[in-house]
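Before any questions on how it binds or moves, here is one chain, the form predicted alone, in structure tokens.
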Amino acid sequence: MISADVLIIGAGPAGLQAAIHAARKKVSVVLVGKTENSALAGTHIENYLGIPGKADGSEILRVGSGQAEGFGCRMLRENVISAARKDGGFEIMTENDTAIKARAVILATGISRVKLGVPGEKELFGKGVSYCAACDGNFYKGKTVAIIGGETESAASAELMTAYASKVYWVAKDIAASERMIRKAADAGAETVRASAKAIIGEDKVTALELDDGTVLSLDGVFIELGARSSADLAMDLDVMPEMDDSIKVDSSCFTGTDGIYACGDVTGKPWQLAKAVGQGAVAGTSAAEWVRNNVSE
């Protein structure tokens, strides 16, 4: 069990800046996330104050990670699979079965839902297409479903859905989830299909999934889960209700309205800009550290 005063979920610019500011307030800080999952990774920035020309987003994240660790933040390059309120604080579990206990949490997970972009996805959303197995799994008792995606969230969802559905396909051309999560999904009975989704088939409801190798899977539901657990899922785990667009509403101090929980960056809504993410990260990190100092006794 790892203990921290402030836990930050998300290793993008908002999360890293929050880590820097919280750590400078002399509280213990743990950041969980992978910089490669940030929207900044692999992009170029040319509208940020003090950076002329085109700056490499991945390099900004690399340097920022070093800065956060230099100020004392402990970084775990893993994905979060669950979060809960517990014993007056919070407890988070990662894909490698690492438990983290924290007094305050900062959600800096970025934009929630990653779209697949295939025919039938938009048309059948809510008619068998879902982006959250944890939210909608109960509707598929005794049904056949497919989980699409190769990351941690999809592995966890494949395992989860075996408790509801009669048959679970885990569809992914490439799998990047940890070996532990892959084993858990397989042991639970999910069948791995190494292919990419080509189209979701159905009229009034989902009836099949066509794959790029020509295979057609007859099924009742498709769960598209292409990254780590979404901000909306984690927020609801922590008793924070997201907005209809899955963003998280915050006040000027980045407070969510639930004691001990703050949010910053793209997860709080537009504009999705580096400048906003960094600015809110500074505010959230400072606010969370001050809340721990003022409200939680040693």
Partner chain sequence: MSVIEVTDASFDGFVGAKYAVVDCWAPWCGPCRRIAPIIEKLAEISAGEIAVGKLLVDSNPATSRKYNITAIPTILVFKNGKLEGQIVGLNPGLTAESLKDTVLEM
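Numbering follows the first chain given and starts at 1. Predicted model, so just to flag it, every value in this text is computed and none were measured. Rigid core here is just the name for the largest C-alpha set that superposes within 1.5 Å across the two forms.
Below: the form predicted in complex with its partner chain, not depicted.
Participant: Please determine whether residue 242 contacts its partner chain in the predicted bound form, using a 4.5 Å cut-off between heavy atoms.
Facilitator: Contact with its partner chain, yes.
Participant: Just to confirm, residue 125 within 4.5 Å of its partner chain in the predicted bound form by heavy atoms?
Facilitator: Yes, residue 125 is a contact residue.
Participant: Taking its partner chain as it sits in the predicted bound form, is residue 91 near enough to touch it, meaning that at least one heavy atom pair lies within 4.5 angstroms?
Facilitator: Residue 91 lies outside the contact set for its partner chain.
Participant: Does residue 236 reach its partner chain in the predicted bound form, with heavy atoms at most 4.5 Å apart?
Facilitator: The answer is yes: residue 236 has a heavy atom within 4.5 Å of its partner chain.
Participant: Among 134, 116, 201, 217, which has any heavy atom within 4.5 Å of its partner chain in the predicted bound form?
Facilitator: None of the others qualify; the residue that does is 134.
Participant: Which of these stretches, 177 to 185, 139 to 147, 67 to 75, 192 to 200, has heavy atoms within 4.5 Å of its partner chain in the predicted bound form?
Facilitator: Result of the contact check: 139 to 147.
Participant: Residue 206: CA shift of at least 2 Å between this form and the one not shown after core fit?
Facilitator: Comparing forms between this form and the one not shown, the residue 206 CA shifts at least 2 Å.
Participant: With both forms fitted on the core, give yes or no for whether the Cα of residue 149 moves by 2 angstroms or more between this form and the one not shown.
Facilitator: It does not, since the residue 149 C-alpha is displaced less than 2 Å between this form and the one not shown after the core fit.
Participant: Does residue 122 show a Cα shift reaching 2 Å between this form and the one not shown after rigid-core superposition?
Facilitator: Where the cores coincide, residue 122 still shows a C-alpha shift between this form and the one not shown that is 2 Å or more.
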